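Before any questions on how it binds or moves, here is one chain, the form predicted on its own, in structure tokens.
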């Protein structure tokens, strides 16, 4: 089963939830798909045993062969090629490596070269669990190809917890691909609820069952509870805001390392998520 933990915006607590659950659920395999800004490895402190660079292709134009017909530029939906009367210029940072421009070029003027866009790190966390994360190189625009490779590497695991990118970007959709269940982590603030609504619509569109976890409960207002009630959304848990947890987080420690009380909170949260995930697939 693949369970993806996501949020409407960054800083809401999806890494907190996914990492604490991964420590308690010993048979789980934690994957950090937030490749633009991964931070699960800070808490998991893994021993890395394997690294894999992810590469992507980009077009190169042979101007001696180019007849400036503009078919490559007209084909490209990402505006990755500028074609003028005297020159054709690929913009490799915008290229999505689909190969279409090479196929439509009647002069055979386009070839592809490769460049690295990021790295995948595999290893074992300091808690003894399997762990995998990706890191997009600085300056690269899209981590989708890295996330797709992460999905491939996790495909044979029985229980996968995914720390997703925030929001509703292409990277988030890629992280959700193949998910059996999702957990939205939100906070009881107007911004938290506003961004959460977009995630709810996305999950409904993708037909992925989900529930909601309210982090930093006790702050803000009741809008998130009212919204969940109106939309008949299940809240599987509330995590109260505590200074001691924030201080532990700042020093690279997880809540489940603080006390038995915090372990119990996340154990109950996991039981609720399991129960809802099983119920959603039986109905």
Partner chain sequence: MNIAFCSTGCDLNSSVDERFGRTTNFLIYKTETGETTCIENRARTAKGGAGALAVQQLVDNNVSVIIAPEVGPQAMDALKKFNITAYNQQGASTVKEALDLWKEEKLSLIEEPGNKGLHKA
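No experiment lies behind these values; they were computed from the predicted model shown. Residue numbers count along the first chain shown, from 1.
Although it is not shown, the form predicted in complex with the partner chain is what the next lines describe.
Engineer: Counting only non-hydrogen atoms and a 4.5 angstroms cut-off, does residue 51 reach the partner chain in the model of the complex?
Structural biologist: Outside the cut-off, so no.
Engineer: Could you confirm whether residue 202 comes within 4.5 Å of the partner chain in the model of the complex, counting heavy atoms only?
Structural biologist: No.
Engineer: Contact with the partner chain in the model of the complex for residue 178, defined as at least one heavy atom pair within 4.5 Å: yes or no?
Structural biologist: Residue 178 lies outside the contact set for the partner chain.
Engineer: Would you check, heavy atoms only and a 4.5 Å threshold, whether residue 113 touches the partner chain in the model of the complex?
Structural biologist: Residue 113 lies outside the contact set for the partner chain.
Engineer: Quick check on this chain: which one of 132, 160, 105, 81 has a heavy atom within 4.5 Å of the partner chain in the model of the complex?
Structural biologist: Exactly one listed residue reaches within 4.5 Å, namely 81.
Engineer: Of 87, 198, 206, 98, which residue is found within 4.5 angstroms of the partner chain in the model of the complex when only non-hydrogen atoms are counted?
Structural biologist: Only one option qualifies, and that one is 87.
Engineer: Which one, 149-157, 71-79, 206-214, 120-128, holds residues whose non-hydrogen atoms are within 4.5 Å of the partner chain in the model of the complex?
Structural biologist: Going by heavy atoms within 4.5 Å, the stretch is 71-79.
Engineer: For a quick test of understanding: in the model of the complex, does each of 63, 93 and 140 have a heavy atom within 4.5 Å of the partner chain?
Structural biologist: All three within 4.5 Å in the model of the complex.
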